[in-house]
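Below, in structure tokens: the form predicted on its own, a single chain.
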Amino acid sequence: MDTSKVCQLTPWDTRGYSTALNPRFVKTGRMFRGFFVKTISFVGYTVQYGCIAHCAFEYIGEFVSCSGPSMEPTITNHDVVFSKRVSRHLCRIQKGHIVIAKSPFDPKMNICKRVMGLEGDKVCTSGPSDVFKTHTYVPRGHVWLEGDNLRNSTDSRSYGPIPYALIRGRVCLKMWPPHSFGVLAESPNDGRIL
């Protein structure tokens, strides 16, 4: 028998199938590879855009839905505001600014209040209906926060001054509802800022 002719025959594996490339298997492999490449590409784009969105919300600003009556009439229940985070890093918070801060009682919850006093300021700690007014000084590295609705607000009058580091951003615009879109109004309690 001629050995050159044996080498030219199609080789067979032990199960009896030809090991030569079958077009059906090649097409299936290409489809799987195409699906795999598209999936990896989609995951890559998702991670990239997720990182961009995270950086934007962490360092530039975020939309915040406010709930509760403590900032009425300036911000009512379910209003959406835009909180700038850049202002917290680049410039100082001033008296009269509305800020979003971490709650001193529950770090998972944010509070929306107006800055009434900065470090070293003398602030009124009594309620609006109290006959005798009491005052205190804001310690270094802290701010005094109060809601615009003094009769229905849990604020620094309850838990004292909060550290400046708890402030997440300064509220600069009311976004929703559309009829009240724009810059926020001045404090109705301006007389309390000393």
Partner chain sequence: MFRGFFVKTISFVGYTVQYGCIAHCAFEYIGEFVSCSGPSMEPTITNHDVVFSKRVSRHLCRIQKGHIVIAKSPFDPKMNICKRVMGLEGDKVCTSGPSDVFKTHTYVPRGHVWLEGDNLRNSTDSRSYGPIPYALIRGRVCLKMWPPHSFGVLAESPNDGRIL
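What you are looking at is a predicted structure, and each value in this text was computed from that prediction instead of being measured. Positions refer to the first chain, counted from 1.
Below, we turn to the form predicted in complex with its partner chain, even though it does not appear here.
Segments offered: 121-129, 62-70, 44-52, 144-152. Contacting its partner chain in the model of the complex at heavy atom distances within 4.5 Å is 44-52.
At a distance threshold of 4.5 angstroms between non-hydrogen atoms, G96 is out of contact with its partner chain in the model of the complex. Among residues of the shown chain, I40 is not one whose heavy atoms approach its partner chain to within 4.5 Å in the model of the complex. Although the partner is absent here, K102 is a contact residue: one of its heavy atoms lies within 4.5 angstroms of its partner chain in the model of the complex. Looking at P163, you'd find a heavy atom of it within 4.5 angstroms of its partner chain in the model of the complex.
Interface residues of 108-123, taken as those with a heavy atom within 4.5 Å of its partner chain in the model of the complex (partner not displayed), are limited to K108.
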